[in-house]
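To begin, one chain is listed below as structure tokens, in the form predicted on its own.
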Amino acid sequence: MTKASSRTVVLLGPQKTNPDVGSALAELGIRGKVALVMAGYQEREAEDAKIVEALGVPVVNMKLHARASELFAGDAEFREAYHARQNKLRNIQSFYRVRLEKADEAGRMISVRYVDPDLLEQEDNISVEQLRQLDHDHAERCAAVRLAFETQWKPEQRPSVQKHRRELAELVDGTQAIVIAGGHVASLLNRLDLFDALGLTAPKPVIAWGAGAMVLADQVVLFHDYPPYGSDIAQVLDAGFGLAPRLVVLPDMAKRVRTDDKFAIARFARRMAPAACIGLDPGARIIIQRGQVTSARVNRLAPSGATETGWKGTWS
């Protein structure tokens, strides 16, 4: 994965209603053409009219999802290997989630015992550390799977991949920034990685929201306290691109997190430390330059269990 660089990164809140991505571009002095990534929307990535209108500048849609479909259709050997890798990662994710659920359940059961408060605090610390260790081990396993695939198949040397990377390099030539929309986070992460979209557009500024913001962190963390199905426990999906370091990005946090559950918030924030857990709700904005937060208008989930409004980018 691409890691942090000197480029400017702007993370925004949801853009479905009252989009402010145009003003973010204007504040950066961007008036020319920008590259757009909508791969998270998969087959609907070409439906970009509303976003293009909100951007207010000339746009080239990189169409990474369509390019991946074309690549796999023409290179069956690589397609089968890639899909096998993805299936292995999905299974690893499933097993990791089972372990997380059991560890979380045990921690919650222990937390309600009527015992000495000091002992209860020690046990809570152990419970959090167990979750952190599961997260760490999972991230290492995912990295190992990706490294093994890269070592064996060398995508950057494969003609089918090189063809699209050359075309994309020509497409984004002359653009002033790359804009990454949301959608399906795993699909977006994989397409950006497959085509090295962030490398091709370096060192141009990056503006992102939703899943686009999530993949720019050190780790992609899935979360939802009101899931339509399955467990509500937060889980690490994979490594991110590291352009928004020391942050756990939580899009639409007000709708997805039980902010009145102080115990759960405190445990989650401690589990993710030293990264700051920030919410990208409507109107939120955070600017990162040279890996440092230089401006922030976001809320943070604090280790105390409180929701800190108007976080300014200080880690404490």
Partner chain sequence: MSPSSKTGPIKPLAITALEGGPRTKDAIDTFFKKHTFPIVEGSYVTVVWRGQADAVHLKHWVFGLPSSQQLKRVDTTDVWYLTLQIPANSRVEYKLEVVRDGKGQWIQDPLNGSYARDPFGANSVAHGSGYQVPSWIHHDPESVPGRVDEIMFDSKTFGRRGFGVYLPARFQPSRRHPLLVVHDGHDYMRYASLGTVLDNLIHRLEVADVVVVLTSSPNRLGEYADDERHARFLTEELVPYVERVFQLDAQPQSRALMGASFGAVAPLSPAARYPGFYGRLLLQSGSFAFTDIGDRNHRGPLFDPVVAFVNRYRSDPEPVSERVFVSCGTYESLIYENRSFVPVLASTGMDVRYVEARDGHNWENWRDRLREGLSWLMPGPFLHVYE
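Numbering follows the first chain given and starts at 1. Just so you know, these numbers come straight off a predicted model, no measurement behind them.
Keep in mind the form predicted together with its partner chain is missing from the figure; the text below concerns it.
Q: Among 179-187, 198-206, 124-132, 141-149, which stretch has residues whose heavy atoms lie within 4.5 Å of its partner chain in the predicted complex?
A: Of the options, only 179-187 has residues within 4.5 Å of the partner.
Q: So, in the predicted complex, is L237 in contact with its partner chain at a 4.5 angstroms heavy atom limit?
A: The answer is yes: L237 has a heavy atom within 4.5 Å of its partner chain.
Q: Contact with its partner chain in the predicted complex for Y96, defined as at least one heavy atom pair within 4.5 Å: yes or no?
A: No, Y96 is distant from the partner.
Q: Taking its partner chain as it sits in the predicted complex, is L222 near enough to touch it, meaning that at least one heavy atom pair lies within 4.5 angstroms?
A: Close contact exists here: in the predicted complex, L222 approaches its partner chain to within 4.5 Å, heavy atoms only.
Q: Contact with its partner chain in the predicted complex for D232, defined as at least one heavy atom pair within 4.5 Å: yes or no?
A: Close contact exists here: in the predicted complex, D232 approaches its partner chain to within 4.5 Å, heavy atoms only.
Q: Which residue, H136, H83, R108, K163, is the contact with its partner chain in the predicted complex, using a 4.5 Å heavy atom cutoff?
A: Exactly one listed residue reaches within 4.5 Å, namely H83.
Q: Ok, K33, R44, R290, K262: which has a heavy atom sitting within 4.5 Å of its partner chain in the predicted complex?
A: Here the answer is residue option R44.
Q: Within 134-168, which residues come within 4.5 Å of its partner chain in the predicted complex, counting heavy atoms only?
A: None of them.
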